[in-house]
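Single chain ahead, written as structure tokens, the form predicted on its own.
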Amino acid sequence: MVNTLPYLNFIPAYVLIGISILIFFVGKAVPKISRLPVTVFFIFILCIAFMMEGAGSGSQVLFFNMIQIDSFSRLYNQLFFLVILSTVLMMSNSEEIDSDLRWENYGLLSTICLGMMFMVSSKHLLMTVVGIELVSLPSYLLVAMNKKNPASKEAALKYVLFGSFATGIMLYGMSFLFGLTGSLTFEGLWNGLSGYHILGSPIYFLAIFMTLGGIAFKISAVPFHFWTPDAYQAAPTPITAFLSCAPKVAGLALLMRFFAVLLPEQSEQMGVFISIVAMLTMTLGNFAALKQTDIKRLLAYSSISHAGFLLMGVAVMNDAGRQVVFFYIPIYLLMNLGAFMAIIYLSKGTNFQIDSYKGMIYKKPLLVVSLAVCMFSLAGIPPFAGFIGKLYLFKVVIEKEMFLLAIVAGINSVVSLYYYVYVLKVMIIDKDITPEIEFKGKPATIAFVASCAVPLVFFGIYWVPLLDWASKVVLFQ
């Protein structure tokens, strides 16, 4: 008889499954239930799940050695709950999403969250596929739900095509790995590959690189980044903010767990590969962002470049790198979510051209100042938290003697400063000669952006609490 008691460690996932089923099938099937305050109910469930994860302890292998519950997965799951909570608040302040679709939207977000939880806990290729597809399929629908932009349907179709392509490559690579090793667990794969005379051969690298295609797709890493600008530009802004944060974080966590059981000779090879991908990703993202005139498209390329920076921590292939990635991720979430919330207020769901923000400092000074903090932090300017996050990334890379990666990252940090400062220059220095626009946004929107900016200043000066939190991110404990 199977002992079900250990499975209580995975209660937050069960809760989210129940919420998904409830919202999808009960929300529209039961008459008049749509009148209930679903937003309040959904936020309450997220808070309960957050506390459940915080109360967990120890390490447990579940579902026939396919899932690993540990401090690593719990802390990442808590971040997912916080991001979804922020997304819900954004959706309630956005004109781009039909309020009649709240039940469906929250159901889709619940399903994505479940998929991300599977991704960060997975230690088996089949569970990896399940997690990635649980994230991808609802994301396609959310991108298409922009009632203000007809192009969202086209962008969603491109997203589907690229996603299907990446999944096909990933599954083909997994078939190679299973054929070579006879195992689907991460540990079994690497141990099996180490015993072959093909270690370091073309078929060895081909199988691994193809398998990583689906993960690279979620991270928006080169060469699986092509979907990002169109999807981010056409999707509702709250969904753009969500996609730029949560699935990317889940992909990075999955990547770190996948490489956690490497042998020394494999670690060196994979570290070189990840560092090359990181350099290509940050370089393409930054240089493509230089010529953008649409703020959402600019931030899309910015998110690609930050994926490259976060891959720096993955490339070192050790606990220090994994902890630095987690240290930087909350900072990245604050910067990105704050910037997108400001865009929701300023653009009113229709105009995302950067030139339309001229003279905004005179109309909404607190919002622009808060956005400036987020932008400067994204650029890595002291004394904001983004600078500290990048500083620790550079530290672990230099300690690993990856000097080329550090040099390329330094050059990209300088390049990124140009397009971030350009946005602020338009808002603060340029004069607005158009008729006065009446902003109907809620005061809560400005408060949200300010609440993101304040921690960025605080952690830029005193980051020890965040560093202590990151030190708890340990695999298999």
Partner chain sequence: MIGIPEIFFYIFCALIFGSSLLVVFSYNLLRSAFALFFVLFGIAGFYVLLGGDFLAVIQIMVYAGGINILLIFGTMMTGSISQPETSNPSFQGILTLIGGGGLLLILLIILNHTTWPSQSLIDHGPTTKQIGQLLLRNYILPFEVISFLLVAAMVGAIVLINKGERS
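We call the rigid core the largest set of C-alpha positions that still match within 1.5 Å between the two forms. Keep in mind that this is a model prediction, so the values were computed, not measured. Residue numbers count along the first chain shown, from 1.
One more form of this protein, predicted in complex with the partner chain, exists but is not displayed; see below.
Heavy atom within 4.5 Å of the partner chain in the predicted complex - the one residue of A379, V316, L114, A216 that qualifies = It is L114 that has a heavy atom within 4.5 Å of the partner.
Have a look at I43, I428, A447, M66 for me and say which one sits with a heavy atom within 4.5 Å of the partner chain in the predicted complex.
-> Of the listed residues, the single hit is M66.
If we take heavy atoms and a 4.5 Å cut-off, which stretch out of 85-93, 129-137, 249-257, 324-332 is in contact with the partner chain in the predicted complex?
-> Heavy atoms within 4.5 Å of the partner chain in the predicted complex occur in 129-137.
In the predicted complex, E187 touching the partner chain (heavy atom, 4.5 Å) | Because no heavy atom of E187 falls inside 4.5 Å of the partner chain in the predicted complex, the answer is no.
G18 within 4.5 Å of the partner chain in the predicted complex, heavy atoms | Looking in the predicted complex, residue contacts with the partner chain include G18, since a heavy atom lies within 4.5 Å.
Check whether Y462 has any heavy atom within 4.5 Å of a heavy atom of the partner chain in the predicted complex, and answer yes or no.
-> No, Y462 sits far enough from the partner chain in the predicted complex that none of its heavy atoms falls within 4.5 Å.
Give a yes or no for T211: in the predicted complex, does one of its heavy atoms lie within 4.5 Å of a heavy atom belonging to the partner chain?
-> Flag for T211 set to no.
Would you confirm whether the three residues P365, F403 and A406 all fall within 4.5 Å of the partner chain in the predicted complex, going by non-hydrogen atoms?
-> Not a single listed residue reaches the partner chain in the predicted complex, so no.
Answer yes if the Cα of L22 shifts by 2 angstroms or more between this form and the one not shown on a rigid-core superposition, and no otherwise.
-> Moves: yes, 2 Å or greater.
Closer or farther: the CA pair L16/L141 in the predicted complex, versus this form, with a change of 3 Å or more?
-> Distance between the C-alphas of L16 and L141: longer in the predicted complex, by 3 Å or more.
T87 and I21: do their C-alpha atoms lie closer or farther in the predicted complex than in the form you see, with a change of 3 Å or more?
-> Relative to this form, closer in the predicted complex.
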